[in-house]
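Taken one at a time, structure 1 and structure 2 that follow are two forms of one protein chain, written as structure tokens.
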Structure 1
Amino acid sequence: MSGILVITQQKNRMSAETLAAGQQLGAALNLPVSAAVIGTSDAGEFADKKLDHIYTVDDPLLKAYTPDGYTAALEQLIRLKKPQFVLLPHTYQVRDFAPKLATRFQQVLVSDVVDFRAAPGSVVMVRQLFQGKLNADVKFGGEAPYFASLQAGAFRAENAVRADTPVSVESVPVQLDASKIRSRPEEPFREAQRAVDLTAASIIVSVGRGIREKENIPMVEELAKVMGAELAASRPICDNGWLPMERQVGSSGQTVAPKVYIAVGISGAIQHLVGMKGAKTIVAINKDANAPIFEVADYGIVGDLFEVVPALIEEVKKAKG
């Protein structure tokens, strides 16, 4: 067993982040790094990265994603190439099949990893517990391969090292049995066209669970208005129907990077943070000084939002004359 295998997902920006992480792990452990591309014979966007090999795994049964098809194909690839580490981007698709894949090897996927510390003989994966309130160092055990999926934004895609010589692309044939693929996926669809493009806003005022009731939303709406900001929300607010889904920021909503992001009553669960931590300046208003949102905030006000927001509206009005 040797080497690092990065399983990529087509047309997903997190694949490049995972490649960069794989290269870092490879450098630390002095192991070669390869990438796998599934469902196409085109190495595409990964062909210019410094890699030992690119393995393409293509088959008509991999055209549409199914957990049975992907798991069977990747199990064969891994048994053939015998990597010591298998890294994946922590996408919704990976969450759907990677635990199944790891179980095939009597292993446990260390999921949603934010960092690692690695030296030959010692690898520690860092992940969050309790919705980001605490961190944990996790160690692999049992026999390789060791599986880990990496959180969006935890590693920087631009750190991926480019190849100076063309990478060898190898097509790996797999044996898939149509009768073993049990789920019947239909075409993906979008529910409604997005009317609100939060990604274009330079200031975003975003509201979370701390607002308690729908009747309190207009207060935050007014803050957004006086600041000339777009109004956004964390998932629970949109699930409750207090604001439309199109205003949701986070892993299941939009990913934004405004000049200023003001988080009002948002605790800062991982799923929300991945959608906004790229903001240039982050302001958090929350009554809980230990809320994870303060981990990423530049400015924080620890206090009751029902007092702070009205005061802020007044001060902004004054400042704007």
Structure 2
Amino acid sequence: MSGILVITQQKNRMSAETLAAGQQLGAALNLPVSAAVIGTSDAGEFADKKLDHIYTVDDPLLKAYTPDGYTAALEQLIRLKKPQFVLLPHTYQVRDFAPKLATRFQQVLVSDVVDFRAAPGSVVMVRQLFQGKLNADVKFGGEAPYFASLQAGAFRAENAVRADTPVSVESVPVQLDASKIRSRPEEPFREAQRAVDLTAASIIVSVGRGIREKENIPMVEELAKVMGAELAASRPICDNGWLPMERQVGSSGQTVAPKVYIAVGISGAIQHLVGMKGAKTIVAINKDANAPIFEVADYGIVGDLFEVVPALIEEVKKAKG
């Protein structure tokens, strides 16, 4: 077995992040990288990326997602193409079927990977434990293929290498048995329209429980206003009703990737990091020098936010002149 196969989920930013991770792993191990798309309609979405192949897997029984259908189809593809590594984005859908898929090959899924260390003949996957307080190194055991899902924001989609010429697309036929598909899918879940779409913001100022009281939020709101930014928050702020839920960033809120993300009084629990690690530049303000947020920040200010934020507001106003 050789090569890396990236299982994509169409119209999902995390697929591009997983492609970027696959390319990095392939470069480290000197292995070719291919992508699999279930359904043919959007295969071109990945045709501009530097890949060895794009495989499309299509069948009438795959028109709507079911864990049995996806598992059976991808099992046939993997047995045919024999990749050494199978990488997937850590989405809700992947969490539903990927452990079942890995079990078909007498393997386990190493889930929610945030990093890896690779050299020819050796790969260590890194997972976080205890809300990001510890990193765990995980090595694959047994015979390939090896399965891993990658955490949102752990790798940057814009780092995916583009191809000089479009990649050829190969259709891989599969044989599915309707009697083996036990679930009956309903219409896909659609979220209600949000009044605030944080995913479209280029600058976000986000506030956490370090703000202490609801009455202190206007200070951070002013910083967002002078910077032309959207105001966001971590879950405790929204749970307390201090800001509406539509402004929450994190695993149970919105996933954002702005040009600049300013985290004010946010410690950096893994549930929040999942939602904002894709930002191009992260600025953290926190009085705790050991806060996990500083591990992902490009710039960190260790200090009292009640002193730092007013000073920032004044400096921004001066710069705008």
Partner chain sequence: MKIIVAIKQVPARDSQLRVDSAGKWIQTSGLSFEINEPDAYALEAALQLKEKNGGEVLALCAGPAGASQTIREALAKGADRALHIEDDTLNDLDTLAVSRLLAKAAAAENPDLILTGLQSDDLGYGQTGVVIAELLGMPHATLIMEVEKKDAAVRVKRELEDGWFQHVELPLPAVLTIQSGISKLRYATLMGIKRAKTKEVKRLTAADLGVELQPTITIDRVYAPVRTKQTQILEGSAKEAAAKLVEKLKFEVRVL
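What you are looking at is a predicted structure, and each value in this text was computed from that prediction instead of being measured. Rigid core (definition): largest C-alpha set, two forms, superposition within 1.5 Å. Structure 1 provides the reference sequence; residues are numbered from 1 along it.
For the form predicted together with the partner chain, the corresponding chain is the one labelled structure 1. Core-aligned CA deviation for Lys63 between the two structures: less than 2 Å. After superposition on the rigid core, displacement of the C-alpha of Arg209 between the two structures amounts to 2 Å or more. Relative to the superposed rigid core, the position of the CA of His53 differs between the two structures by less than 2 Å.
Lined up on the core, Asn290 has its CA atom moved by 7.0 Å between the two structures.
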